[in-house]
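The chain that follows stands alone, in the form predicted alone, written as structure tokens.
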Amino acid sequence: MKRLFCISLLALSFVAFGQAAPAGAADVLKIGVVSPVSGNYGDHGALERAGMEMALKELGGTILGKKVEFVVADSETNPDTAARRVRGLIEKDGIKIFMGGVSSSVGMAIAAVAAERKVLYIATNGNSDELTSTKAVRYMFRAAPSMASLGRAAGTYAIENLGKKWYFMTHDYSWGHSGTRWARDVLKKSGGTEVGEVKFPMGTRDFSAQLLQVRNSDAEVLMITCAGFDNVALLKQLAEYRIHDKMKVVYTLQEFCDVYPLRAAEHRGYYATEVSWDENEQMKAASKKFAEMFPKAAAPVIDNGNYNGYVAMMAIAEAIEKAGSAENVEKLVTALEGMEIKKNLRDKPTYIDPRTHQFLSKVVMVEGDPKGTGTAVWKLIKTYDAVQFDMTKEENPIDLTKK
């Protein structure tokens, strides 16, 4: 199935980077969205932008009486490109609020600019440890769960239900390393055995050599951290090489939009994910609304990417209302610290940890369903509170409330 981008379907509140400002610009609140339009995470970028658009529509398109306009700049999943384009949006358009990222390395680059220029940035879909620890800055918040929460949730489920001899497959950059790190932490503390690990760079589409190593091992569990179009290729080849027949396959993070295009027989494995479209009635209703707004989206339901874009936009709107201004960044940061985001499509609000600026909600464990049809690509099997597995103060002593 061809995977389609939803960027072309977005409403008129999105404009391209570099487009001339409209008449009456003083009545417009511009928010910068630095997000991949192309590359390995192009579909994920399209989804997060669609989630932002969906939230803005629910808000009536305005905040504090100002029409909101998203100005999109393609990060190209390149940290240097992203940083340069954020600076351009600050200098040309005077933008003080930013969202986006997807890739953790891009998120770190934007965070550095946010600290330098004192603008607000919400990293919508980066999960690496560094975003809320060693690379954390006062002006950045993170909407997606940390890989500590996701990796330890996946690891805990695997240890308790699937086996204690593991092989790791790791996307070879900061995010991939984070997923393996925290799953490995669970394995070690539970007395399990690591059989081996293979790392692969971004842009890998042929996994034959890696999967032959895995298949020839005596592992009970294959623990994977991989995303994007690389992951779609891997998911197909896991079935092709019959890995599921030899061991249980577990992902520290999975995206619905990566599983959805596969053949039903390839919907196998156990996945930690940030949200499942069918976890409650609110999410089901929001998924129906999303499908109506974006019928050709890579995921026709609420997925990690659009969910985090949605919640980030709701948080920004609430912070602006609370601060009484979109111009005073210090007040916006303070407003976000400790906030409970009630418009999050869940039974409990999303809490923003004031110390780390981490959004804390849930981690969902699902099992792929090879008999499922349509959007029923997996079944929900377990839900954890993200705070249960997030980095402790001992593991991450940073305190962003201390200026």
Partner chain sequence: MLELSLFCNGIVLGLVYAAVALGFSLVLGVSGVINFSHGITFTFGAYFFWAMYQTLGWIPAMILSPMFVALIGFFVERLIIRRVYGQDPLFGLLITLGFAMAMEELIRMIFGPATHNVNAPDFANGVIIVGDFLYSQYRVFIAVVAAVMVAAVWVFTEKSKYGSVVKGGMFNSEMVGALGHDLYRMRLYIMVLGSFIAGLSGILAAPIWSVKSGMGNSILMPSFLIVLMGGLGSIPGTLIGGLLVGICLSMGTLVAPRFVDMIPYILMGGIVYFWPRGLMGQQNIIE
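Residue numbers count along the first chain shown, from 1. If you're wondering where the values come from, they're calculated on a predicted model, not measured in any experiment.
Same protein, other form: the form predicted together with its partner chain, not shown, and the subject of what follows.
None of 201-209, 301-309, 278-286, 147-155 except one has non-hydrogen atoms within 4.5 angstroms of its partner chain in the predicted bound form; the exception is 201-209.
In summary, among the residues V186, V232, A315, L222, the only one with a non-hydrogen atom within 4.5 Å of its partner chain in the predicted bound form is V232.
Residue E240 is the only one of E330, E160, E321, E240 with a heavy atom lying within 4.5 Å of its partner chain in the predicted bound form. In the predicted bound form, none of the heavy atoms of K248 sits within 4.5 Å of a heavy atom of its partner chain. Among heavy atoms of N216, some come within 4.5 Å of its partner chain in the predicted bound form. Taking the partner from elsewhere, E292 is found to have every heavy atom lying beyond 4.5 Å of its partner chain in the predicted bound form. Contact check for D43: a non-hydrogen atom falls within 4.5 Å of its partner chain in the predicted bound form.
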